[in-house]
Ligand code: HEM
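Single chain ahead, written as structure tokens, the form predicted alone.
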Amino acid sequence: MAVTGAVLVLFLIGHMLGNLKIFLGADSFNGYAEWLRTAGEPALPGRTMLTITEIVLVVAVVLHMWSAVSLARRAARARPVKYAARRRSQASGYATHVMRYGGIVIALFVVWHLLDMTLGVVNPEGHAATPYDRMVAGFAPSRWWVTAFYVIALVMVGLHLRHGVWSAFQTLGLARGRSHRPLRALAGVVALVLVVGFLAAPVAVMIGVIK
């Protein structure tokens, strides 16, 4: 669970930094997208590195979901009888709902994102357009509902990340004594930075900063 989560977090950081290149202009953003497809050439065939990355991500997502289901089943077997008195806690309340239902929202978001920005199936400009044009068309003011969906989904991603990073610290035995509060704050900062970083481009397009 922790290993696959770390792989996905590293991907999100790289993906966010790439998205922010849109603020440098169309040439920079399109150049970055082209580099993703041609990295490794001419030593390797075109798109080799990108394909490997996609395979690693798919495997990481599947294993992450499998780990979540396995841990849930293990917990259920360990405690087949419910507690007589329920105590509201972060672990049993907030975390359970965020990780469970947030995961569903994130999965739907990923599917839409691929259809919109990668395949261009639901994008007004279509697949033939440049990545920059697809981004601008995808988050145009007239499609405010798409941006709203992204905001909701990314908030879920942030909450998922916050709990996931914090859980990893606890699992590794780092969140003890004086390190408890700083690491908990660090988990929140990591999640916040990623959410703001990913939302920067869609919001900028919607309000007309990026055209």
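Start at 1 and count along the sequence shown; that's the residue number. Fair warning: this is a prediction, and the values are worked out from it, not measured in the lab.
Although it is not shown, the form predicted together with this ligand is what the next lines describe.
Contact with this ligand in the predicted complex, defined as any heavy atom within 4.5 Å, is confined among 27-35, 66-74, 166-174, 179-187 to 27-35. Using a 4.5 angstroms threshold between heavy atoms, P131 counts as touching this ligand in the predicted complex. Contact annotation: E41 falls outside 4.5 Å of this ligand in the predicted complex, judged by heavy atom distances. In the predicted complex, this ligand stays beyond 4.5 Å of every heavy atom belonging to W112. When contacts are judged by a 4.5 Å heavy atom cut-off, F23 does not count as touching this ligand in the predicted complex. Think of it this way: in the predicted complex, this ligand has a heavy atom of just one of L50, A148, V155, V56 within 4.5 Å, and the residue is L50.
Taking the partner from elsewhere, every residue among H15, N19 and M135 has a non-hydrogen atom within 4.5 angstroms of this ligand in the predicted complex. Contact residues in stretch 171-197 (any heavy atom within 4.5 Å of this ligand, taken in the predicted complex) are absent; none meets the cut-off.
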